[in-house]
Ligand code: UDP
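The chain that follows stands alone, in the form predicted on its own, written as structure tokens.
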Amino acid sequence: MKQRKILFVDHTAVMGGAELSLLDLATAYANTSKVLLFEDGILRQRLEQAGVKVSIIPASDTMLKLRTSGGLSSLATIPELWRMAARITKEATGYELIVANSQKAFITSALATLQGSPPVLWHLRDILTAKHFSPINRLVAVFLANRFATQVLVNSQATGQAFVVAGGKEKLYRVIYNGFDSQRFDTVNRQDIMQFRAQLGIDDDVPVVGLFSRLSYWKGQHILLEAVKELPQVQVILVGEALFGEQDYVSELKLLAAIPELAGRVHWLGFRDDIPTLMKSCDIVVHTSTEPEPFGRVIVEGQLAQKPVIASAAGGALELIIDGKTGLLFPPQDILALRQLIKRLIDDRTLAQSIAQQGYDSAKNNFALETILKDFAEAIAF
């Protein structure tokens, strides 16, 4: 199948889950396509390292820092959105399709269609009904999708149904799950794992629970810390940083981690590129989001690392885990339930190994990158 010429658009250059997925798609289409960003950053570097062409049209700090919960304040950016749309139209010359990878990117790209740009497709990766999306932002995004989007690709049925609940046309959305290269996990060797644990001063027989996510209240790092407070044998690694002005939450986490029951047991690793090695070094991988997760990349990655995964039972997680077989589910924010599941896996290694193996088989069969790329190509062959 001949590759289409695509202009991928994203408003941010930080490495979140949506950007990791964009990196995979853009790399696959590097010979025919380009990525347009509204700011410079590590994503631009990663894309160029992969041979992807990148352009940057800088947006103002006001627009970049505008939160999805901003409400009426977002209306102040309309003049800039229109100017940015004109820039997108110019950058899109010679391309067949615009694929917008974020809400801000889509709104701007939708406006570009009024100025003569190619058709726009929204790659929606958010639960629009979540608390952190204000009613006015949902209204604007869904209206523009219904009016201007050729398609709305969603990363789970949960994301697609939330789009419909928010007023989106059901016929517009199509599920394309995120894809993963299992080889990155399969090639991690035992020596790398032992070296990492030695760097942290963690003996081989000490259980390690890992949480891999940006530091944010709704990602629920505090849920994990509260859960292991009464499991003194457990060490915790937190991988990720605060990306969107959530330093107050980080400060609260640091205070929690410093209490006597947790002191010395929480390891802060920040943003890391060696996720496969870090996950392989864990005994359990957890996902603790307090709100429904659109997909849950870390769930699949934990499965590919052949580790038992415990996840909040909401949103996309329900499509990635068969409870008791390919992972374990607990009610969101239920600290006691999470604690009991962690203890259960530590005490029952046979169960842990069974869940880890079944999770690995499921992830490899259902979310292989080559399969997802084929699904994407079919979706845009209109």
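Keep in mind the model is a prediction, meaning the values are calculated, not measured. So that there is no doubt, residue numbering starts at 1 and follows the sequence shown.
Missing here is the form predicted together with uridine-5'-diphosphate; even so, the following discussion is about that form.
Q: Any idea which of 102 to 110, 224 to 232, 239 to 247, 308 to 316 reaches within 4.5 Å of uridine-5'-diphosphate in the model of the complex, heavy atoms considered?
A: Going through the listed ranges, the match is 239 to 247.
Q: Mark residue 219 yes when one of its heavy atoms lies within 4.5 Å of a heavy atom of uridine-5'-diphosphate in the model of the complex, and no otherwise.
A: Answer yes; at least one heavy atom of residue 219 falls within 4.5 Å of uridine-5'-diphosphate in the model of the complex.
Q: So, residue 270 and uridine-5'-diphosphate: in the model of the complex, are they within 4.5 Å at any heavy atom pair?
A: It does: once uridine-5'-diphosphate is placed as it appears in the model of the complex, residue 270 has a heavy atom within 4.5 Å of it.
Q: Though only this chain appears here, would residue 283 touch uridine-5'-diphosphate in the model of the complex if you measure heavy atom gaps against 4.5 Å?
A: No - in the model of the complex, heavy atoms of residue 283 and uridine-5'-diphosphate never come within 4.5 Å of each other.
Q: Would residue 210 show up as a contact with uridine-5'-diphosphate in the model of the complex if we use heavy atoms at 4.5 Å?
A: Contact check for residue 210: no, nothing within 4.5 Å of uridine-5'-diphosphate in the model of the complex.
Q: Let me know the one among 372, 18, 13, 25 whose heavy atoms come within 4.5 Å of uridine-5'-diphosphate in the model of the complex, would you?
A: Checking each option against uridine-5'-diphosphate in the model of the complex, the one that comes within 4.5 Å is 18.
Q: Of 176, 172, 97, 275, which residue is found within 4.5 angstroms of uridine-5'-diphosphate in the model of the complex when only non-hydrogen atoms are counted?
A: Looking at 176, 172, 97, 275 one by one, just 275 meets the 4.5 Å heavy-atom criterion.
Q: If you apply a 4.5 angstroms heavy atom cut-off, which residues in 292 to 331 are near uridine-5'-diphosphate in the model of the complex?
A: Residues within 4.5 Å: 293, 296, 297, 298, 301.
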